[in-house]
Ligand code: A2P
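The chain below stands alone and is given in structure tokens; this is the form predicted on its own.
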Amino acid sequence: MTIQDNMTDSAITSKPVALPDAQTVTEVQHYTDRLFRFRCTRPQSLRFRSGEFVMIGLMGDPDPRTGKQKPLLRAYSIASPSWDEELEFYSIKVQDGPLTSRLQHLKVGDQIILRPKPVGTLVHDALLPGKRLWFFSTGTGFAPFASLLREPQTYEDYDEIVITHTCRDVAELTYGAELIEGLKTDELLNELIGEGFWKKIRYYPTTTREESPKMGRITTLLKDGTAFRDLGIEAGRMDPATDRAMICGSMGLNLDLKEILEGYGLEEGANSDPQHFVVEKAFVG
């Protein structure tokens, strides 16, 4: 997530001090030279809806004149579900990025800043009731859906969930593929919903650069009907009466999918106005 925190923070000296709103890193896993995930402790008071994001970060470099530091914060989707005792985040690595260039070097035991004020549009409350739910993602835009895929309400509200994930290379699909495979043996979901819930999931990964079983951008595969044929959706399109969707990806993908979905007759919703689909505008990447 890449929107910047505009809040004014009191200056903090460069001397070793406790981070504001500090949480401790408990696990780190790197997937490629561009992608990694980490888990951290969760504030006892934090309540959020699966699919929301929070501001996280580290202290910035000391001001060369005053030696004082301010928090460097960005918006990150919470990839863990609302019931998890810890928080998980899925991040890109940008070598010259003000935050991610440093965040990628996190180790277990390190601390991060976490502002406990979750917000976001990729939540069940922003959609009208439906039968089939689509998750459209590119890259680290998969993160909010990692949360929602582990949320029992997702399977209680919908008969079928279609998760699409488009990346450049096969390795960049690993995080999502492993998470979805893990749902088969997720004790909590199987206990709450029954083993049949796994049959509800349709996973549709694609790549745009490296050769894989399914190549192409999801927008192209929707427009030419390939995605619907592959998924066995005979109508060859989405139906406002049954289909709901959430979108999280690059700005270009968001705009293109918004146009495609509106072409099917679906309307964009929000927390205050539930409709057929929602877009996470905070994500760019």
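Just so it is clear, the structure is predicted and the values come from calculations on it, not from any experiment. Quick note: we count residues from 1 along the sequence shown, nothing fancier.
Below, we refer to the form predicted together with the named molecule, which is not included among the displayed structures.
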**Q.** Contact of Met59 with the named molecule in the model of the complex (heavy atom, 4.5 Å)
**A.** no
Q.
Residue-level question: is Thr219 within 4.5 Å of the named molecule in the model of the complex, judged on heavy atoms?
A. yes
Q.
Although the partner isn't part of this model, could you tell me whether Thr138 comes within 4.5 Å of the named molecule in the model of the complex, counting any heavy atom of the residue?
A. yes
Q) Heavy atom to heavy atom, is Thr41 within 4.5 Å of the named molecule in the model of the complex? A) no
Q) Glu27, Gln104 and Gln111: each with a heavy atom within 4.5 Å of the named molecule in the model of the complex? A) no
Q. Looking at Arg202, Lys184, Arg168, Lys117, which is the one with a non-hydrogen atom within 4.5 Å of the named molecule in the model of the complex?
A. Arg168
**Q.** Contact residue in the model of the complex, from Gly225, Gly67, Pro240, Gly252 (heavy atom within 4.5 Å of the named molecule)
**A.** Gly252
(Q) Within 4.5 Å, heavy atoms only, one stretch in 174-182, 211-219, 80-88, 147-155 touches the named molecule in the model of the complex. Which? (A) 211-219
